[in-house]
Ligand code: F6P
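Before any questions on how it binds or moves, here is one chain, the form predicted on its own, in structure tokens.
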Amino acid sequence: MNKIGVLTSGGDAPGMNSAVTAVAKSAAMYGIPLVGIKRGYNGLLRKSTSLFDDMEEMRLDTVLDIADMPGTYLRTARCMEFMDPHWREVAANTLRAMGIGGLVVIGGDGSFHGAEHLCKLGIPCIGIPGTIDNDLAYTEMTLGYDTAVNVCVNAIRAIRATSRSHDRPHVVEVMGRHCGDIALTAAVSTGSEIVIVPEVRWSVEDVAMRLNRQLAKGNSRATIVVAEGSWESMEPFDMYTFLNSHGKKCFEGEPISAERFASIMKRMCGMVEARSTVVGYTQRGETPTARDSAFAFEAGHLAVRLLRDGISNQVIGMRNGKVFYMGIEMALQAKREFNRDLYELVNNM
């Protein structure tokens, strides 16, 4: 292995910099030069006017300072051109021209598909799962997930404190487009009374019924945790007619949101007030937890070792608390199992 490349792709996730640092330390230990490729696969397509805007030699004296930094030092971006076989050939030729004999790809599902295509073009690749959503079924955890959950837990605990002070229910929206793991884990960890996830169809009326049940018990500060992708799994509801007929201006074409959902709950349940908070990108931009950093360190070292030993077309994950690796194709075919029992436990109290 003459030289290794590393890139971060897709949405940024806490722990990506830790993984890059681990790759750099491991490569240095084996005497293998390392090249950082900027903005995901875009750097391999040479979109910038200068090579130095697309790639960077990764030296330990630089890389060691980024291990605990949030975000990703190499930047990240989605690359739609990479869906075209022509541009994948361009990327493979760039790697060959640079003398890069293996690539470490840190990202999610789409990033792994890109790595799989490069492997078929003769470029050895190893994938490290970097996505806060925890939506890769083959692994127990992905880089950034633990950090994102802890950000949400801290936010919800603070919100529940002020909700208790004012006797107000609160809608908290967290990230998770197609996967409700962040929402469910955060709800369980904070004692939240209601959780809504993309994996389960739900109705506004049913949530209002659950909230009314809490109010009847004397719980006037219940928390509703909503994954951002859950709006798409909502049963049809005429938000415009309902809100306008109850004194809240709402215009056709305006999308459902945490704020509007809180307004609906307020009016359906006859409350004086209901508030909302969107936790947002703080989940991505936080310093990684020890668990994410430790996973990143082990995964980065394993990735370099695999490439050094001539093992390719693999992704790294966590199983039973231990780091392991398996084939990309098999990993991408794994089916996620949503924890329905835990979901029912939160919502049936």
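Throughout, we count residues from 1 along the sequence that is shown. All values derive from a computational prediction rather than experimental measurement.
The form predicted together with the ligand exists for this protein as well; it is not shown, and the discussion that follows is about that form.
Enquirer: 115 to 123, 92 to 100, 170 to 178, 151 to 159: which one contacts the ligand in the model of the complex at 4.5 Å, heavy atom to heavy atom?
Expert: Heavy atoms within 4.5 Å of the ligand in the model of the complex occur in 170 to 178.
Enquirer: Just one of Ser111, Ser230, Thr147, Thr131 has a heavy atom within 4.5 angstroms of the ligand in the model of the complex, so which one?
Expert: The option sitting close enough to the partner is Thr131.
Enquirer: Please identify the residue among Arg78, Arg75, Arg213, His246 with any heavy atom within 4.5 Å of the ligand in the model of the complex.
Expert: Filtering the options by heavy-atom distance leaves Arg78.
Enquirer: Contact between Tyr281 and the ligand in the model of the complex at 4.5 Å, heavy atoms?
Expert: Looking in the model of the complex, residue contacts with the ligand include Tyr281, since a heavy atom lies within 4.5 Å.
Enquirer: Select from 43 to 72 the residues with a non-hydrogen atom within 4.5 Å of the ligand in the model of the complex and write them out in sequence order.
Expert: Contacts from 43 to 72: none.
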